[in-house]
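To begin, one chain is listed below as structure tokens, in the form predicted on its own.
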Amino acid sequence: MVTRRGWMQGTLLAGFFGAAAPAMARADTLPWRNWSGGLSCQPRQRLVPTSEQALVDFFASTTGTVRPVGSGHSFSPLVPTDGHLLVLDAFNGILTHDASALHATIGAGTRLGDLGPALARIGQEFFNLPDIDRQTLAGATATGTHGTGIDFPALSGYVTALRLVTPQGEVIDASATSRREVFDAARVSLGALGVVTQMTLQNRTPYRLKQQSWTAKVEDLLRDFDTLAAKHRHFELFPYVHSDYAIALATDETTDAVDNPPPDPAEDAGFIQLIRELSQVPPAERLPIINAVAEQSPPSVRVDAAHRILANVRNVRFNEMEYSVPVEAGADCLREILATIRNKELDVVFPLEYRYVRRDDTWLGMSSGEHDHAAISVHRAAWEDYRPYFDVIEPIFWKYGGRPHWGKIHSLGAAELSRLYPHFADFQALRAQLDPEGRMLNPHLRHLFGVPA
């Protein structure tokens, strides 16, 4: 067990870290585990660089695999390595901002949950945010993480410039007008090109949102989904499994007064208890029970600053698979997943999530290209084995031309991915150019890009 004192001794490393200490910590004091607890590794060392020059020096003075790490919120094995882990916490906060253009240059290790209040203090706000606020800016963009809304691309779509330190020690400033190929690749890079240290975001003026939720029949909501998605700034569904119902969530700009009491901790405990209790009921017998629960769920309304409505703290831990499919295929794909869960009596309780995402021009974004996409997520509580469930559902996504979310569980490799992304070969070529020794590749990334060990 790692004590607080052992942790401090293991991480406050010298010159590279700030004070004076050895350049490497003992591996037995530096385990790493992701947010859900499903992934872990024993890296050779965990380092916290405090400057770009420290990164350049690190790459010049070391060998072996290097993986940058943020909050550990990815469910796919992007981070695990027995090499070096680079923690980007020191690249933090708003570095500069432009009040007229509403741009802000931000340290890549900044948590999204910290950025909303910081942007508000300079008169700016995100256009959109992903559902969970724990990711770092670099981690969220590198994996193509997105929010909800047919008019809103993934978070990486709001990046206007970035700085990248490559394994060869080059520091690259990339934007739409400078090193465009690096810009298009590095906005969604899986951490495979080097270490992004800062990003400039296009923001807007602060605004307030009203979020309304209610329960209705899944088929009714899907029939009207396109109309509701066009009517509301954000609209999404959380379909119950083994049920005819879903939670609908509609969010719009408002001038109403703030009304957003902090969540009751008992809600999370109650949700966990509900999952455990329903898991004791055979799947074939759950339909009337879950339908009754859904029918009794009251509608809700909350109003707050945009960043407090768009992103949330999620304390119930889970593992997740998410694919995006073309918008026109989204409803049929969702219907097949729900029917499969019911017909095969899959033992799962966690609701699904269904939403639209606007297309973008990144090379590896889930919605990159000429078409908007529907994103469909399936979840399993962290204490349950997700594999039997995900193994049945994943081939359904493939039937509809699905692309996997890079930060979530999937089984695709280079052969399949090269058919899904027109710029996949371009990314592979640029990756080989910026990192010819493959230092940024762990086994999972080698599988994704078809690079032999």
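None of these values were measured; they are calculated from a predicted model. Position 1 is the first residue in the sequence shown; the rest follow in order.
We do not show the form predicted together with a small molecule, though everything after this point is about it.
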With the small molecule left out of view, which of Tyr421, Tyr386, Trp35, Tyr400 would have a heavy atom within 4.5 Å of it in the model of the complex? Trp35
Among Ala246, Ala142, Leu201, Leu115, just one has a heavy atom within 4.5 Å of the small molecule in the model of the complex, namely Ala142
Hey, in the model of the complex, is Phe126 touching the small molecule, heavy atoms inside 4.5 Å? no
Flag Tyr158 as yes or no: does it have a non-hydrogen atom within 4.5 angstroms of any non-hydrogen atom of the small molecule in the model of the complex? no
Can any non-hydrogen atom of His373 be found within 4.5 angstroms of the small molecule in the model of the complex? no
So, in the model of the complex, is Arg187 in contact with the small molecule at a 4.5 angstroms heavy atom limit? no
Which of 250 to 258, 299 to 307, 72 to 80, 168 to 176 lines the interface with the small molecule in the model of the complex (heavy atom within 4.5 Å): 72 to 80
Would all three of Pro130, Gln135 and Val196 be in contact with the small molecule in the model of the complex, where contact means some heavy atom lies within 4.5 Å? yes
